[in-house]
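The chain below stands alone and is given in structure tokens; this is the form predicted on its own.
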């Protein structure tokens, strides 16, 4: 498909880029290396500054993407080789196995119920989230199908109770499985979709343009930052997002990980870890963290107006339309903002409450504040796979790890390689609205390229 375009990354930016390009009659290949499109937005509760339901906005777009005849979705797929040729690009992709037949799986969940092993979910582990070894990324996943953890069929989960962990036959050499409970459950449903012998596939494409929409990630706290590795009731902003999400591990109940009690006093620490040594924190302002915390305190108050909410901040970032009014809404709801710098957290061993010691930047005094739950706003970082992808594409990263624009003023969203464009979190920390705007612009650049 010489006039086709390739979009790398299936988050909100990649989805909007694909839909916009497809509506202009362009063939689009939308590639994502996870099991479903949707990206980070699909895991959020609400969006700021309107507090609209996040998945309610994105799920219809994901459905439209899946049903748009000009868009082909390739999940669990990595870009391995890109070669410029005749003004376009020859692409080699590797589609990793899900060990499930995409044509047969209907997402009924019978295999998930049959699986005997639950493990901590990568995103929600600290707040109690678990998943099975065969699972769906989230209820609205596109494609709406399950995938099987490779650790199950390899035997790594034998000690955890995996039903095929002790089999002496390599799954790749076997076309029937009388052992796996997920296989039996699928056969009982008449689907026969679980195929443990599935292997990776190479896919070759020809496109005229490429759009990089790899998105962003939430920074992990470095070590025992403000007690994160020491105390159960110190969590990250993203974990709190999942805690208050009706689709999260607690069904939206804001409870403490340590004992399951409802948190009555919660504090947020902005810029947690900012300015630490390289590799131990985020050296820059992530731009959107203040509004994320503001959204979270407002929603917490909506859950229960009696909850005491406190935000420790250095400088408030309210740069967008209606952002200052959004902050004022939080203040009017009774949220306490303290311009202070927390530097030590200690836990009361009897109550599991946390005592935050901080410098009050208004008075210069050292003060303490006791809470049930502490939330760390650790900042936004680049997708961890950016470096590998940049090498494959032959384009540059900046010193922070984001993709580098050719010239932000005269050639925005373009790279040093003609025909490769950028949008959304690939360029730096960004909110959803800005990502969508950039996605439409990058998509038009890709479509209009001769």
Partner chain sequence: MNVPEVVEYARGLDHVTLADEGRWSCSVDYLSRMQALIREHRINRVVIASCTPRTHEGLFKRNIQQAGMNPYLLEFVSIREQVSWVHMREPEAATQKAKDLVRMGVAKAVLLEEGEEIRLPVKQDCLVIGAGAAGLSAALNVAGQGFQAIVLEKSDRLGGMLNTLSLVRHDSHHADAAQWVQSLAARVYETPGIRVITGAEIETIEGYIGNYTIGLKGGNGSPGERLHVSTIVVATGMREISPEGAFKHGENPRVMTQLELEKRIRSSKKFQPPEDREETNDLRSSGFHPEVKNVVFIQCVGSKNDTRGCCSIGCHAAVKNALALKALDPDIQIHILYRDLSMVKEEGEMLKEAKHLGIRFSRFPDDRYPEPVENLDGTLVVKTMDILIGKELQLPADLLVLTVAFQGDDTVEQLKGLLKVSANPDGFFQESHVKLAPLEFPADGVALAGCAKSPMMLKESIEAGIGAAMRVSIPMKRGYIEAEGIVADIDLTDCNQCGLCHKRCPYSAISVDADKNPRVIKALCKGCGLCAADCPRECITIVHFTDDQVLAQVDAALLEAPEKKIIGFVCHWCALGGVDMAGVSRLQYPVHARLIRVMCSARVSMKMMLRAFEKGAAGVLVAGCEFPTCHYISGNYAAESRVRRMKKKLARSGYDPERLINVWCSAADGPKFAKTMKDMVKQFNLDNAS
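Residue numbers count along the first chain shown, from 1. Just so it is clear, the structure is predicted and the values come from calculations on it, not from any experiment.
Quick note: we don't show the form predicted together with its partner chain, though the next part is all about it.
Asks: To test your reading of this chain, name the stretch in 222-230, 209-217, 265-273, 320-328 whose heavy atoms come within 4.5 Å of its partner chain in the model of the complex.
Replies: In short, 320-328.
Asks: Can residue 189 be called a contact residue for its partner chain in the model of the complex at 4.5 Å between heavy atoms?
Replies: Heavy-atom contact with its partner chain at 4.5 Å: present for residue 189.
Asks: Does residue 383 make contact with its partner chain in the model of the complex, using a 4.5 Å heavy atom cut-off?
Replies: Heavy-atom contact with its partner chain at 4.5 Å: absent for residue 383.
Asks: Find out whether any non-hydrogen atom of residue 4 is located within 4.5 angstroms of its partner chain in the model of the complex, and reply yes or no.
Replies: Heavy-atom contact with its partner chain at 4.5 Å: absent for residue 4.
Asks: Classify residue 394 as contacting or not contacting its partner chain in the model of the complex by the rule of any non-hydrogen atom within 4.5 angstroms, answering yes or no.
Replies: No - in the model of the complex, heavy atoms of residue 394 and its partner chain never come within 4.5 Å of each other.
Asks: Taking its partner chain as it sits in the model of the complex, which residues of 422-450 have a non-hydrogen atom within 4.5 Å of it? Please list them.
Replies: Sequence-ordered list: 427, 428, 429, 431, 432, 433, 434, 436, 437, 438, 440, 441, 443, 444, 445, 447, 448.
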